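Before any questions on how it binds or moves, here is one chain, the form predicted on its own, in structure tokens.
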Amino acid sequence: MNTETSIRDAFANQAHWAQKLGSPFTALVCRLLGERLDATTDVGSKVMCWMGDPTALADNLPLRLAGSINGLVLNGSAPTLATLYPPNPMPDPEVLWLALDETIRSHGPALLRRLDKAPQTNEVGRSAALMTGLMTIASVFELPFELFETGCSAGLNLNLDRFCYELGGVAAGTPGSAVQIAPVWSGPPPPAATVKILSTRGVDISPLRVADPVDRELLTAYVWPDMAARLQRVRAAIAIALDHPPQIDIEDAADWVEKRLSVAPKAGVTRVLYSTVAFQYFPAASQARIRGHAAKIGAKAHHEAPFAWLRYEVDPAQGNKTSLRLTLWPDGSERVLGVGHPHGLTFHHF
């Protein structure tokens, strides 16, 4: 059972991380909500009596509320609050709180509905790490790819070959794409190998649909408001997804992996299972099943039918940084290719 203190601590922790990750405005919003929200409104009552785990690795209650409020700003429902949101200058905290409080009181039903949905941050910048991994694999096997993504959200990163990349001085992807990804890079560049993708498919227990205006709003609402480049990029990726709809199955990730990826090898292609800041949210039993099935596939792999497991996830072995970890079969070798910003803004290649 949560206490009021544990709820407020979750907001304080999210404020800390937002500040550290380059979003002082989101940090201020989370700090104000955590310090001042109370049970005098229906929204405040639901937040302060939250039955699940409010922390960032579970329900992520602070971002549920902050993103829900941002959605009202983006769709024009909260015009007074919008005058205090980016790209406007950083507001006075007291003025911002008054506007937040007024919005919470006047838009209670809409916010309550939004709080029932888990945050969906289908961050396109993470594709820089994925492309780095694919170039590394391609330099070894020189085969085309079939890609399988777990926890794919709206599937924006299933179109990763339609984005344009500049990775440590090496160009990749589709030149001239509306989605331009160039993380601040350190370390050596990735191998200048050709990445040819034959097919992509993803799974999510509760995916967003880019064809649905409400879901499109959710995809933008959880982008931190003072990160304009991220917002522009996700909107451009949504436009690409509308033209090239990703294939997404609604299913438990472990069930899907076991059914979709046969243990029998597939000659002439490299199959890649991957995730970006999603695997950590799967139940422990599902994580174990996915690990086990990947090992079974790997045991049957050979040089004409390789298999790779690529994940850009929070990594305790790397000091809880977001690492790009690759397990590559047939030899089963595993290594960390680099570490980066959770949103893909920076990347240090080993």
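In case it trips you up, residue 1 is the first one in the sequence shown, and so on. Owing to the predicted nature of the structure, the values given are computational and were not obtained by experimental measurement.
Below, we refer to the form predicted together with a small molecule, which is not included among the displayed structures.
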R126 within 4.5 Å of the small molecule in the model of the complex, heavy atoms: yes
The small molecule contact in the model of the complex: T121, any heavy atom under 4.5 Å: yes
is_contact(W50, the small molecule) in the model of the complex, heavy atom dist at most 4.5 Å: no
Non-hydrogen atom contact D204 with the small molecule in the model of the complex at 4.5 angstroms: yes
Residue (of V223, A253, L160, I104) lying close to the small molecule in the model of the complex, criterion heavy atoms within 4.5 Å: A253
Listed residue that, although the small molecule is not shown, lies within 4.5 Å of it in the model of the complex (heavy atoms), from I137, L96, V269, V277: V277
Segment assignment from 179 to 187, 85 to 93, 240 to 248, 113 to 121: heavy atom within 4.5 Å of the small molecule in the model of the complex: 113 to 121
